[in-house]
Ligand code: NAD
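What follows is a single chain, given as structure tokens, in the form predicted on its own.
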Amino acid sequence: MKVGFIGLGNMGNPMATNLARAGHELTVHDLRREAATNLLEMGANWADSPRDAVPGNDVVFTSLPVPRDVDAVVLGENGILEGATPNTVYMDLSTNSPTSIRRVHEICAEKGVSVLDAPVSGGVYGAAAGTLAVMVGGDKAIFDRMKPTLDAIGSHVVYCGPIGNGMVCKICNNLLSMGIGVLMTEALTLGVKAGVDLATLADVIANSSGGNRRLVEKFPRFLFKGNFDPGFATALAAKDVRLATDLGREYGIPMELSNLVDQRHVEAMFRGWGPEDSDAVSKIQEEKAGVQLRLPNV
């Protein structure tokens, strides 16, 4: 397929790279041309604007930080919609507001442009390995046509229903992931403070009913190493948690525990940890408990 790809950050670049490796012909754009260096070396074409990434392509992807970026890139001056024609397919891989992507869908539909929301989960490691979970909302026939392309970036591509449903699934997933991170840190600092070796405690929990992927896969790469170089930045985690609590307000759903998780991320942002990995939120609990959760040789 001929593919336009806009947004070549920590997630976008490896996803675009896997599309190129799968044989798709890419036209790419980012605010920084240097972000596309490896893709241009692989034969991708450069577009000077989102609008220029559209003509001649079968599908255009975006991978962007926050909903307002998606709105600007799709609907703004020199945006995707300006370059689109009837039958253009646009797919958003970002984690966006369901309400926002549904509005984008309605506006694009007036021009005959099809929109799918397709947020991804699995972090930078999954993006590089092509093993992301991809949660897709929109027209089922278009999804069926695009699934082979999505298979280049994810090993678990799921049709979630009408437009916006992919975003709902992703927001629920990330809310749970961030909440587990907060609760896990409390449990681990409790156990260490009470005298249990961290490695032993983590091993017991990982192989018991409290086991979870954040403990087994993420903490060993980040928190336990004291490594806060972003795989998934705290600013993005805070944004996703707020999308969840906002969605709860929109639908009148009680979100007491989720709001506590939200406020923990607000505090992390206030401390200036937004650019750090989302495990940086755990440092708040470490400080409160007087315990550092670090393991040698992980």
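Start at 1 and count along the sequence shown; that's the residue number. Quick caveat: nothing in here was measured; it's all calculated off a predicted structure.
There is also a form predicted in complex with nicotinamide-adenine-dinucleotide; it is not shown, and the following applies to it.
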Q.
I'd like to know whether residue 124 contacts nicotinamide-adenine-dinucleotide in the predicted complex, with contact meaning heavy atoms within 4.5 angstroms.
A. yes
Q. At the 4.5 Å heavy atom threshold, is residue 239 in contact with nicotinamide-adenine-dinucleotide in the predicted complex?
A. yes
Q | Contact of residue 32 with nicotinamide-adenine-dinucleotide in the predicted complex (heavy atom, 4.5 Å) | A | yes
Q) residue 64 near nicotinamide-adenine-dinucleotide in the predicted complex, any heavy atom under 4.5 Å? A) yes
Q. Which of these residues, 168, 160, 120, 146, gets a heavy atom within 4.5 Å of nicotinamide-adenine-dinucleotide in the predicted complex?
A. 120
Q | Candidate stretches 81 to 89, 67 to 75, 99 to 107, 203 to 211, one within 4.5 Å of nicotinamide-adenine-dinucleotide in the predicted complex by heavy atom | A | 67 to 75
Q.
Taking nicotinamide-adenine-dinucleotide in the predicted complex, would 11, 95 and 232 all count as contacting it (heavy atom within 4.5 Å)?
A. yes
